[in-house]
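Starting off, we have a lone chain in the form predicted alone, written out as structure tokens.
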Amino acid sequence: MNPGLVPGGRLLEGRVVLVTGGASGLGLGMATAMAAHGAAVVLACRRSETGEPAAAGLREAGHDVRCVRCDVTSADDLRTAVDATVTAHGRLDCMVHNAIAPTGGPTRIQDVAQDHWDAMVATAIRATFEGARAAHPHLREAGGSMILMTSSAGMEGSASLPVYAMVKAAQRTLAKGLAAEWGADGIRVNCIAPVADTPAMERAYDENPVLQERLLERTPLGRIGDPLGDVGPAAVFLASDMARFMTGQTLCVDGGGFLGL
């Protein structure tokens, strides 16, 4: 059995999780692990034609999963996704913001296209902000948590992906601010900084042929992570009572590639 489906019981039994960008890659890996631990999961996906098959596949495996169409660049879509989740399940215990525009290939900052800048800011920064505002009252009622997907690039910077590094740093800073503000409401906010083989990573390899080799060289564990088996358990942990005294933190789930914390 995939290790993402195991450790010790159903840690999220009776809880409801909303995952943006849940149709594939990291989003689907985390959603699968959380569903296997008993959560009812809603996949918020920009395209129903990819989100619905992903949800159907998880239902066929015996999990309580549905899909809602959501373009995270739209505040209205984010509110609708949150409302649909609460309408379907009566509560929201965890929101995972994973969706982000394609990072593109290595680009010097003076060559960054305006539409790339706009898309990265919209999907990472504005979507985090609007998603947090939409989810807050429901997370407060449930005593729940929010998980943001960030990156080591947001902590150490990136000469080749300056916009990606900037928006990931902004997400991490927002998580700290939300943790401080929402602690009184009983809501925890944490980040995961992963490295895993996903369709997005495969595209990055194509755009930057030396990327995979460099990642492996800097990773003490000598491999690239798996969305379900490696990143999924971290999401389960942060959403569960196992992490009940943990907020404002970043878990680096990258095989030791970043050791700066």
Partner chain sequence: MADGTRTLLVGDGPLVDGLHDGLVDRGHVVAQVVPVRTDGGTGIEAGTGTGISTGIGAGVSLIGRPDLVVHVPPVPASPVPLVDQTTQRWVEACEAPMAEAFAVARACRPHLSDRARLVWVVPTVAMGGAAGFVGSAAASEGIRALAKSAARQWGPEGLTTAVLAVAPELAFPSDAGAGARISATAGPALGRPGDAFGDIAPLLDLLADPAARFMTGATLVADGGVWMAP
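Residue numbers count along the first chain shown, from 1. Please read these numbers as outputs of a predicted model, since none were measured by experiment.
This protein has a second form, the form predicted together with its partner chain, left out of what is shown; the following refers to that one.
For Gly104, no non-hydrogen atom is located within 4.5 Å of its partner chain in the predicted complex, even though that partner is not displayed. Although the partner is absent from this view, Glu130 contacts its partner chain in the predicted complex, with a non-hydrogen atom inside 4.5 angstroms. In the predicted complex, its partner chain lies within 4.5 Å of some heavy atom of Glu181. Contact between Ser74 and its partner chain in the predicted complex is not found at the 4.5 Å heavy atom cutoff. The candidate spot formed by Arg108, Ala113 and Val121 lies fully in contact with its partner chain in the predicted complex, as each residue has a heavy atom within 4.5 Å of it. Among Cys191, Leu139, Val163, Ala99, the residue placing a heavy atom within 4.5 Å of its partner chain in the predicted complex is Val163. Residues of 62 to 78 that come within 4.5 Å of its partner chain in the predicted complex, judged by any heavy atom, do not exist; none qualify.
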